[in-house]
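Below are two forms of the same protein chain, given as structure tokens: structure 1, then structure 2.
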Structure 1
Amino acid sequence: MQRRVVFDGKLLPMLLVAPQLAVTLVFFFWPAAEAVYFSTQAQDAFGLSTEFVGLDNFRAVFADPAYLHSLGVTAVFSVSVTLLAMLPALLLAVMADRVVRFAAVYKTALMLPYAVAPAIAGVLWLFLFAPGIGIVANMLRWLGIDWNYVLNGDQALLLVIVAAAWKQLSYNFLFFLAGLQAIPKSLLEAASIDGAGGFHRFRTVVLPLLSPTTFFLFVVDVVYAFFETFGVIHAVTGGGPSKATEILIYKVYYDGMVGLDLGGSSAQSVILMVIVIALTAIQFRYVERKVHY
């Protein structure tokens, strides 16, 4: 899309884009290029010299059982977070769309976790589930469940999943509610007159009309689970116990900043870039199609 009427001048617009362009070049293109460059280099043990090794770093990454393990953890984590953040949000949005009294109260309260940092969400849930301290942890112990996420990897994974999903719930809720409110009431009335019951009406009228929102949220939630949950993991489990909660983004950080394996970490970065580019491309393709029709 273009404007018909524009201002003249060349210098002024260039000056106006300059700040954004400068920041983008220095802090986006330069690091992104370096990540690609370092992913093809091997460094000696003292970091004194580097050598071009082609795709060796990538081969090493994919041959590393720890990486494959992390890939598996990420898959379980992101699928669980996405489902757990979307399904209750949809249910709550359908209910909030239906009520008249207190609608504003519900909406306001349910959007609050949006403002909570993932790391803080992690601390909130940690406080409920910390063995020996947390109210829920003590309750579980009282019920005879041996709860100790510090030692039990499955429990640790469950805890970070719940904390991460809790934080994302409000985002999904807001979008689902907006999507529901955009559905013309006349459609629902027509379905009603045709004798469709509540659930039937929801399945045949509401759900199809909500599918663009659902798809959009699905992509957003997967990206969130992949990249924005670092704070939850770092604050709550530190990737442990014994790497049970080490998702890919945590491994990039750990190998690069703690393990100082520049080549391996850069290769992992590049793999993540490909994943996120693919996800974004899917989203855009889809959004574009929606705009056309």
Structure 2
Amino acid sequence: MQRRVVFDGKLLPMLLVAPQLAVTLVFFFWPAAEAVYFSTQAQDAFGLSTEFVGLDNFRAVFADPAYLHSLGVTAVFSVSVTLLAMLPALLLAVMADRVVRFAAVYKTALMLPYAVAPAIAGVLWLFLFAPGIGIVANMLRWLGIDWNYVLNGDQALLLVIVAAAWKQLSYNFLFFLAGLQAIPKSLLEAASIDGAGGFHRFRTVVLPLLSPTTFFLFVVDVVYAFFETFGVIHAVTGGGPSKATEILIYKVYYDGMVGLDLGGSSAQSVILMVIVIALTAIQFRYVERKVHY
């Protein structure tokens, strides 16, 4: 039986909600409104003068081949990171759910990457795969693989995908494990009595009951791939070589802070926000239909 908290007046609930509302207004709505405003302005490099240009910044962005290339890189990057962060996490959670001895040690070890900041995670992978000094890079060279992500764009993209997915793996693992442990054991025992094997039980019982968790993580991971992987990209490749790892969020930073194209950068950030909102809406409109609550 759930106990509902009832407040005597409106003042205390408003005070409790006020900090969260203030943070949301200051760190989301205000920057978003400024991005929309500056996307219609042409500024000098120092921001001392502005001129209203309407949608010219958006037209320039879509006519830029480098932006279209970055859009393609972002699509490959986000899909790869989402899949690579979710599938191994589900496999590890299933294995952890069956571990009896040293289960706490095993689970704690899998959760550790979540405590690492994205930029630090990028540096860790940078040292592992750095040509000449990286342990993994030397092993690959010993196996006859010409590894040099500094010069090879495909290798650089693969490296940042793995690093970003590794950072998100622990988050997904935690939710999948919690979802697995919430499934009633009586359902699995009933399926076993009916003759269902391990894989058949997983496919017909576990996966449907785990679908709300899977859908939630799918939405979170897509947003993570678009917005929260800046630190990994910046620490490992800086968008290179030859823009091979320049995803949209990094291009917004580079064009605005390095290229000093403030109007174009603002237009890119507005487009990125619209893309993520549209993707989230599509996920809730179509993917959620397959979720069993």
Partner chain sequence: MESRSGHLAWLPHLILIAGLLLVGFPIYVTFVGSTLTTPEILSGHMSLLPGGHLVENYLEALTQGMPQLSGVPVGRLLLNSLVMALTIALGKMVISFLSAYAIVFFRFPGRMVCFWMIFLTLMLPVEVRIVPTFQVTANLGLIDSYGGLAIPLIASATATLLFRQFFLTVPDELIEAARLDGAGPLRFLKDVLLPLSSTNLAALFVILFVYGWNQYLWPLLVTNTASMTTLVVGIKSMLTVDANTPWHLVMAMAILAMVPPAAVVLLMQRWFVKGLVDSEK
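By rigid core we mean the largest C-alpha set that fits within 1.5 Å across both forms. Nothing here was measured: the structure is a model prediction, and the numbers come from that model. FYI, numbering is relative to structure 1, first residue = 1.
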property: Identity of the form predicted alone among structures 1 and 2; result: 2
property: Yes/no, Pro65 Cα shift of 2 Å or more between the two structures with rigid core fixed; result: no
property: CA of Val258, rigid core aligned, shift of 2 Å or more between the two structures; result: no
property: Shift in Å of the C-alpha at Leu11 between the two structures after core superposition; result: 7.8
